[in-house]
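In the block that follows, a single chain appears as C-alpha cells, in the form predicted alone.
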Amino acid sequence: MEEIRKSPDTVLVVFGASGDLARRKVLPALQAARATGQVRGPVAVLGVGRSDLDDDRFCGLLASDPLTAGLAEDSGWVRLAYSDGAAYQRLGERLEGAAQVVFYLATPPEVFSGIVAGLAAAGLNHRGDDTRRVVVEKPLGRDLLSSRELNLALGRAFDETQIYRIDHYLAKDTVQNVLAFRFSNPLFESGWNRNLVQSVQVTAAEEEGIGSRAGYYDTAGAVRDMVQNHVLQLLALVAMEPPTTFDARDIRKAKLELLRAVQPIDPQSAVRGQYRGYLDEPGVSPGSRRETFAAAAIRVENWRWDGVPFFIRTGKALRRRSTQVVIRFRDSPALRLEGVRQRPIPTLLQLRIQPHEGITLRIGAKRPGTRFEMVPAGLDLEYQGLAGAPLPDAYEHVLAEVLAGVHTVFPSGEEIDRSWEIVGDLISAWEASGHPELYGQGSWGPEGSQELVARLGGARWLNPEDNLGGVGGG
C-alpha cells in the first residue's frame, strides 16, 4: 500500500510472509506486542515472497485472521524470486523514507545466503547502520562447516551489530529469570559451584511427535533440532560466570566462555532413542535411524564446575511437555540420633521454564510430632503470580528486542559455531552406525538414558511430575 512507501518509522520486511512460520508465529506476535505496549510506534509490514499476491490480497490474508487483522491496514506485498536481483531494487523503492527497516527471514535456511546477497547487491543492507537489521531463524546450519558459511555470508553484508539470530527459548521470560535468580540472590550464587552442587540436569521434553514436520525432522533429529541450540544455550545461562554487566555484549561473552569450557560430547556418554511409531509417520524414510530423543552427560572443564556432572535430555512423544533445570546440592552429613543413622534429604532446586513456570526449592524438615524424623518439604514460587497477567509469548519478546535494537536474547555467531563443535562428534558417530533405542510414546525415553545417569553419578533423572516438595524427587 502507499503507506509503506512513506513510512516515517519502522518497516518489518518479512521474507516468506505467506508461510506457516510468519502466519502462525511472527505476525501474530507483532500484533500482540503492539497491543501490550512492548512495541511502540507505527510498524508497517511488508510481505515478501514468491507467492502470487499483491497488496490487496496480502492485506486480505492478514485481515481474515483475528491474530493478524490489526496489521492489515499498514501492510503491503512485494512478489520476489529470491535470486532475482532486479526485484530487490523494486523492494528498495517500497522502503524509501523508512527510518528503520528490519529484514526478517522466515524462510527455509537454504535461501538465507541468497537473500542476504540480494539485499547487499541492491544496497539495502547499509552495512554498519543500526537502522538496518536482519533476523534469521534456526536451523543456523546443520554442522560446523555450514554454520561458518552462513556466518560468513551474513558478515559480508551486515555488521555483527545488525544481525539477530533467533533462539526463541532465550526470549522466554522464565529463561531470562535464570539470570535474575542467580545473580540477585547471593544465598544461591555463593554455592553455585563444585563445592556445593552435586549434579545438574536439563530437560527439554515435548509431548507431541513430529506431526507433519518429517521433511525437516527426519534430516535433522533431536541433537540438531534442540541440543545444539536451545539446550546448550539454557545450560550456558545456568553455568556461566557472572557477566560484567547485564548488557547484551557482556552476557554473550560470558555464555561463549562457558561454551568453550564445555567439552565435545563423547558418544560413549550419550544415548539416542526413537519413539515407537516414528517410522509410520507420514514422510519418514523407511528404516530411518533418525533419533527423536537424545540424552548426554556434559563435562564443563573450568574452576567453577570441575567434577560436576551435567546431564541433558530432550525428546519427542515423551510423557509431558516440560522444560526444566534441576540442581542437586551435595548431601549434608547423616543425622545420628540414639545410634540411628538417618539418610539426609537431598536439597534440590527446580527451575521450571515451561509450563507452570516457577521455582521450587526442596529441603529437609522435621516431621511434626517426631524427634528429628526428617521429611522433604518444599518452598514454591509461581512465576506467573509475579507477572499478574499471562506471560508474553517468546516471539513477542523477540520482536520487541529486535525493533529496540537489543541483542540480549540473541546468541552470537561464535556461540552458534562453538555449539556445533560440541555436538559434532556425537552427530558423526550416530550417523555412521547403529540404531536408536526404541521407547514407548508417553514414556520418559529409552531405558539407556536412566542407566546413563546412574552410571555417571546423577542417581536418577528427576522428572517434572516428581513432587519435589513432598516424597519423591530424591
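Don't overthink the numbering: it's just position in the shown sequence, from 1. None of the values given here were measured: they were computed from a predicted structure.
Although it is not shown, the form predicted in complex with a small molecule is what the next lines describe.
Using a 4.5 angstroms heavy atom cutoff to the small molecule in the model of the complex, all of H168, R213 and Y216 count as contacting.
In the model of the complex, the small molecule sits within 4.5 Å of a heavy atom belonging to D225. In the model of the complex, the small molecule sits beyond 4.5 Å of every heavy atom of R132. Heavy atoms of R290 never reach within 4.5 Å of the small molecule in the model of the complex, leaving it off the interface. The small molecule in the model of the complex is not approached by R299, whose heavy atoms all lie more than 4.5 angstroms from it. The stretch in contact with the small molecule in the model of the complex, judged by heavy atoms within 4.5 Å, is 313-321, chosen from 93-101, 360-368, 313-321, 144-152. For the residues N177, S269, Q354, S199, the 4.5 Å heavy atom test against the small molecule in the model of the complex is passed only by Q354. The partner is absent here, but in the model of the complex a heavy atom of K138, alone among R252, H126, R182, K138, sits within 4.5 Å of the small molecule.
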